[in-house]
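Take a look at this single chain, the form predicted alone, given in structure tokens.
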């Protein structure tokens, strides 16, 4: 394969017709950096219609162009139409790379169209690097149960396809470029070939206590927690600091806290001002989900890996340290 025949990097813009999914904007900002290094154009792919205000958010990410796609079969998300759409588009335009948000929908269709194009698809990378010597993108992600960081490339085939979890990168708009190119394609998919049928939709009840993605203070509890009865002190600490409680995967596996409170590569990516981790070993797939201004770790093991990542480390019993923090905060408020 002649890799030089493939140019430009695409970001699929996921939306509900009214709002762009945050992960798409995050990806546009991050892929902009790759394009600046590679010389590729950054193209946002929009399927269906969006309000002008939302399109401006995309333009603000310094995209070089927007590819608008219309046609039948996209009234609701479905695997068949979207996998076919990107297969057709990639064969026509030959992009060097296609980035898709690692949402339920994105994870569904991205590997399917990649397989049809006989190329690779990497999922859940925590970092993407452009290698100017090989012109390949290096997808960095935890592997072997979080014990190592793997670098995955697609050295021969194109396009390079990757899905990235929401919250992995920051949404930092670089500003609109002058003369943004607009491309229009009409690609119809026969609705009769869609193998699923929409019956009904009922949104999950929103519980603000389970919404931790944008919290300024996170009190995260790990597998060092003795039992569920000990959890209340950590809730109290979170409340005193104006934050919310979170957990690592073992606590979800033990059915102590909800999956929506799980922080890490397989859970929620958080960027708080203050993160305090109690009884957490420091597996890579957890710490890569934390980007905190101040990272505090508490563990009885002085050799715990988490102490390599934190700003402040406390060696001690997690319950005793938590109680001491609560007492100090209350004393300071008197």
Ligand SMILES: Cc1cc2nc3c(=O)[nH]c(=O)nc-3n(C[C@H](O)[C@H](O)[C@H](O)COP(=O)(O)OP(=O)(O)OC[C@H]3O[C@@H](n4cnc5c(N)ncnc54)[C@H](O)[C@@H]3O)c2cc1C
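Every value quoted in this text rests on a predicted model; they were computed, and no experiment measured them. Residue numbers count along the first chain shown, from 1.
Below, we turn to the form predicted together with the named molecule, even though it does not appear here.
With the partner omitted from this view, the residue of 243, 73, 101, 264 that lies near the named molecule in the predicted bound form is 264 [heavy atom within 4.5 Å]. The listed set 95, 106, 167, 224 contains one residue whose heavy atoms approach the named molecule in the predicted bound form to within 4.5 Å, identified as 224. In summary, the region of this chain contacting the named molecule in the predicted bound form, judged by heavy atoms within 4.5 Å and restricted to 59-67, 46-54, 25-33, 283-291, corresponds to 283-291. The closest non-hydrogen atom of residue 318 lies within 4.5 Å of the named molecule in the predicted bound form.
In the predicted bound form, the named molecule sits beyond 4.5 Å of every heavy atom of residue 41. Residue contact check for residue 249: one or more of its heavy atoms lie within 4.5 Å of the named molecule in the predicted bound form. Within 4.5 Å of some heavy atom of the named molecule in the predicted bound form lies at least one heavy atom of residue 298.
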